[in-house]
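The chain below stands alone and is given in structure tokens; this is the form predicted alone.
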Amino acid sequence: MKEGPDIARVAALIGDPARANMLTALMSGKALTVSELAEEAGVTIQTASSHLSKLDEGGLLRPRKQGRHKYFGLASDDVAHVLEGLMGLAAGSGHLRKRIGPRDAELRQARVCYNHLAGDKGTQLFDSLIAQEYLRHDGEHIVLTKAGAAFAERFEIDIDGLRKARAPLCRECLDWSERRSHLAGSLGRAFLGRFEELSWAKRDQKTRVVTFSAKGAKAFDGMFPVSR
């Protein structure tokens, strides 16, 4: 056996349907309890605890205790990035769930991908930033241009503060529904935060759906135009 990263072990952890449902639920960026994750996975609390223990040991979760409750969240942006990529791969390969929920169209329009904007609105944001030369590709990475930094600062995003943080500033994330890129990293998180601060958009606390108000959608389209 050759030495190197054990992708088979990580894949096995994610590949179990119950664990996959739990991880998907945590893509909202919200920490959930064992009972909440058990409900998401359709298993008993005892079974959910066993699954969560394995995911924690595998480095995919970050458990936190507050009062009498223990909460679980994704361990890092890297985990969310991999999960979103797998969703895109599954969708592109035709592996889709046959039962489509009533909010499926809303999820495709705009949703939270861990802590940044995904769906049609997310890809529009990314495409517009590229088209306006606020972001550019640099090999396999994307970078914020000088003009892009000035644009973000005018939008009251503290770029200097983001650069000092440990998280990557800009990251390209494959959107599972659009099968195109959306913006992840601390800048992606900051943009979503500003949309919420300005009341352009609001997260549904029970789902990953992000709903834009009529005023917010108009302002968003004006600020991030794209050629369709």
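Residue numbers here begin at 1 and follow the sequence given. Every value quoted in this text rests on a predicted model; they were computed, and no experiment measured them. Each form is matched to the other, and the largest set of C-alpha atoms that superpose within 1.5 Å is called the rigid core.
The next section is about a form of this same protein that is not shown, the form predicted in complex with the DNA.
Choose from 199-207, 39-47, 183-191, 23-31 the stretch whose residues reach within 4.5 Å of the DNA in the model of the complex, heavy atoms counted. Selected stretch: 39-47.
Considering non-hydrogen atoms and a 4.5 Å limit, does the DNA approach His51 in the model of the complex? Residue-level check for His51: yes, a contact with the DNA.
With a 4.5 Å heavy atom cut-off, would you call His69 a contact of the DNA in the model of the complex? Answer yes; at least one heavy atom of His69 falls within 4.5 Å of the DNA in the model of the complex.
Exercise: Ala18 in contact with the DNA in the model of the complex, heavy atom 4.5 Å: Yes, Ala18 sits close enough to the DNA in the model of the complex that at least one of its heavy atoms falls within 4.5 Å.
For Lys70, is the CA shift between the shown form and the other one at least 2 Å following rigid-core superposition? Yes, its C-alpha moves 2 Å or more.
Flag for Val43, CA shift 2 Å or larger between the shown form and the other one after aligning core: Yes: Val43 shifts by at least 2 Å between the shown form and the other one.
Fitting the rigid core first, would the Cα of Ile14 be found 2 Å or more away between the shown form and the other one? Yes, shifts by 2 Å or more.
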